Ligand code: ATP
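A single chain comes next, written as structure tokens; it is the form predicted on its own.
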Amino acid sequence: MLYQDLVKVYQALESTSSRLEMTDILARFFRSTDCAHIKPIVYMTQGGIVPDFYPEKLGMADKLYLRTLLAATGAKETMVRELWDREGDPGTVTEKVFETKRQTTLFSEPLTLDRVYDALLRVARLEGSGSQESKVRCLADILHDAKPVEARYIARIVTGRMRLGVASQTVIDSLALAFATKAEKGAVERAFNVTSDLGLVAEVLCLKGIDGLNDIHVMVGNPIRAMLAERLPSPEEILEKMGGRAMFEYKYDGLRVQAHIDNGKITLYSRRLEDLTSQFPDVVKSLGEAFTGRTAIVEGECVPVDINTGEMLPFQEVSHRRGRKHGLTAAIEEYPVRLQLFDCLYLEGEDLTMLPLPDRRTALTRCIVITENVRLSEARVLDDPAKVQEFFTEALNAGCEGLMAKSINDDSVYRAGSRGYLWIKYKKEYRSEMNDTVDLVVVGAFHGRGRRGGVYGALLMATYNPDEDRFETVSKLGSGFDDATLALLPEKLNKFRTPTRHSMVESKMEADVWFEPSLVLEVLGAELSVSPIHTCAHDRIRDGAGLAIRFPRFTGTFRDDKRPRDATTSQEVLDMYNKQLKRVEG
């Protein structure tokens, strides 16, 4: 298969912002594709080369890619740098450079999909001494034979900026349309949610059809996509939703992890499917000592603790452990954590995700010995709102965010990758004031003025609408940033910069700078109000208007543990607004 066949699909996807049209384009292509190629096609279309939880990552630094482009084309560095500063998109820069380069290139051969994919895989796997030069040579080799439009997408995927706007749900819809029926889409979605590998799901569907998905099961080593919760504002409403009785447990202010245990080998995954094992060797050791079986998948929270008092500390403390390559031993001593386990999804060869929560909790108690560093979540089965409120106060006093209410009915299965009322968050009372924080996505920025000249003065923040697979603006954020954070923002954001508003961002406002939705920030506001200029929950309260967070303030927490699609949803903000005792409409 020629790479240009896939590039034509990318051009078609880039020419539309309609999710339905994207779905149709991909479904037609999947049906016509050789099953041997469908796995890499799925990965590359989403901007990767392997499932998210694999160690191989692209995302070549701009400086290194620039060297590669110069090596592949022989173009003048000054011309390329001028283009780079003006365009900001490695794909556009590369295509324009290649349009000049094609006039002088005499010898090239058509690129095959296999050749491009194998080269990208080699680039991702190269490491150690001399790896940068090897990456340059490997990538320059395929760029040499690329047509300008092919080079555009090679540049984008290797720098981590594919920007096709194709989310996992779009691929799932396309696979169902190509190989199944609308009614069978749930089976496709579950296969992905329990394996986190859309390429595998696509390959099985292509080779065996929908019945082949019966062979896909929970596997140790493949992280299961996290089950998520809804919110309700009172114990009364929670108990009514749960049928009068539920298990309430502490909602810890920590880092959610999923531990895969396989005969002594333990791997830790974040809710973003990031491998955290090397960052938390103390947790691996403690869990290995507490686990009594051979194979399991358990879920819990890494909670920072004060070693002198035993008290739980805020999430910011554990965030100091993230991404460290040096000083890990000192960090473990300075920022110790305790693992609070709350679920068991797999044990000794048995998939437990379709069992009710009480059975999963029993399995957890069977395979874990309580130690100083590994404990079960503090939980109680309650049916009295007053008792729930007492437990809620107890949780707050212990340093928790609030409570999680979990159904214990017969249908209380683990709904991987889904949000619903089987789990409900109860954090604080929702009144006209926003006492609860929200996690918002940066989609744009405004240039600073006065003492903020030269840096971003404010950020345009958005919620996520999963039904439409888009990000909807909810506030301009300019408060809560110290000088050090303001100076850090360009470094964190500029790699996601786009020349125009991203196709997945719904905005009435015009930002000075636009970004691909990537960075998630924790925000606290004063109140929610109806707004004619924001698009969060647009037309849901009033025609032509959305919801806005008034007087938002950055809490200082970058939610690196969350993907953009894990951010607070537009529906959650709408629910918070509807529950306010005092509604402020502006």
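Just so you know, these numbers come straight off a predicted model, no measurement behind them. Counting begins at 1, following the sequence as shown.
Beyond what is shown, the protein has a form predicted together with the ligand; the following relates to that form.
Listed stretches are 352-360, 449-457, 326-334, 402-410; the contact stretch with the ligand in the predicted bound form is 402-410, by a heavy atom cutoff of 4.5 Å. Out of the listed residues Y346, F481, F98, W423, W423 is the one that sits within 4.5 Å of the ligand in the predicted bound form by at least one heavy atom. A single residue from the set Y153, Y269, F471, Y250 has any heavy atom within 4.5 angstroms of the ligand in the predicted bound form; that residue is Y250. With a 4.5 Å cutoff on heavy atoms, L228 counts as touching the ligand in the predicted bound form. Residue contact check for K562: one or more of its heavy atoms lie within 4.5 Å of the ligand in the predicted bound form. In the predicted bound form, the ligand sits within 4.5 Å of a heavy atom of R419. Taking non-hydrogen atoms only, F342 approaches the ligand to within 4.5 angstroms in the predicted bound form.
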